[in-house]
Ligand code: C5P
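Okay, so here's just one chain, in structure tokens, the form predicted on its own.
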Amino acid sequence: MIEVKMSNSSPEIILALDLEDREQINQVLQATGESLKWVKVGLQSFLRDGPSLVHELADAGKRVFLDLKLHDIPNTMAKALESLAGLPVGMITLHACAGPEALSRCSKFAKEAMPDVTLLGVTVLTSTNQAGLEAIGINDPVEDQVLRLASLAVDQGIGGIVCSPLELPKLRQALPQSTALVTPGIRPANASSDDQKRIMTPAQAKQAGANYLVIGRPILAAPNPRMALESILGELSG
């Protein structure tokens, strides 16, 4: 299992490689250089490029966060993890709303067959606000739903949680210190929020207790991705 960075240290950056083709991915990796330690491979890239992309990234010295957000019946989720067990990845996501049986089975399988992998429970997507929850019949506040799903996942042995930065303080207080908090919805000051509804700056997320910050467009769309990455790292260390 990955070593979780303590909340009073500077969180690590995970670059979301949500790009249109392999060539663009290679260009971004060259542009960002060795300062970039972690990359995220999402559903789009994995379905298009397959396991070979993960192996290439690992061979290039990057740690891979495989963001597939698995959600199905318990047996199918456990079998999906079994099919991923040979990949050189450090983190894999699954939906916490899959329920206790699925979470427990996945946790037990990972501990036995994937000891170097941390499973991350996805709570409420950062593109979802209160109106979005109510549209699917959940009338509780977003924060309450996040805490409910995060606690469920951790109770079933899931090692980390993906959450909006706005829920970080409550989760950091409520969950074990060893729980990794992985936070998308990060936008540097003056950057566009795009389709994210619940966002923070990198410095704010650090203060709130994040261990890992998932950042995409602020680096990918920058005229100079290396300078954009270095600027964010400087903000975190300052």
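Treat the numbers as computed from the prediction; the structure is a model and nothing was measured. Under this definition, the rigid core comprises the largest set of C-alpha atoms superposing within 1.5 Å between the forms. We number the residues from 1 along the sequence you see.
Keep in mind that the form predicted together with this ligand is not shown, yet the notes after this line are about it.
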query: Quick one: in the model of the complex, does every one of 90, 116 and 211 get a heavy atom within 4.5 Å of this ligand?
result: no
query: Going by a heavy atom distance of 4.5 Å, is residue 25 a contact of this ligand in the model of the complex?
result: no
- request: Answer yes if any heavy atom of residue 126 is within 4.5 Å of a heavy atom of this ligand in the model of the complex; otherwise answer no.
  value: yes
message: Since only the chain is shown here, I'm wondering whether residue 215 would be in contact with this ligand in the model of the complex (any heavy atom pair within 4.5 Å).
response: yes
message: So in the model of the complex, is this ligand close enough to residue 187 to count as touching (4.5 Å, heavy atoms)?
response: yes
- line: Checked 11-47 against this ligand in the model of the complex; residues with a heavy atom within 4.5 Å, sequence order, are 16, 18, 40
query: Taking the rigid core as reference, does residue 118 move its C-alpha 2 Å or further between this form and the one not shown?
result: no
task: Answer yes if the Cα of residue 76 shifts by 2 angstroms or more between this form and the one not shown on a rigid-core superposition, and no otherwise.
output: no
query: Against the rigid core, is the Cα displacement of residue 104 between this form and the one not shown at least 2 Å?
result: no
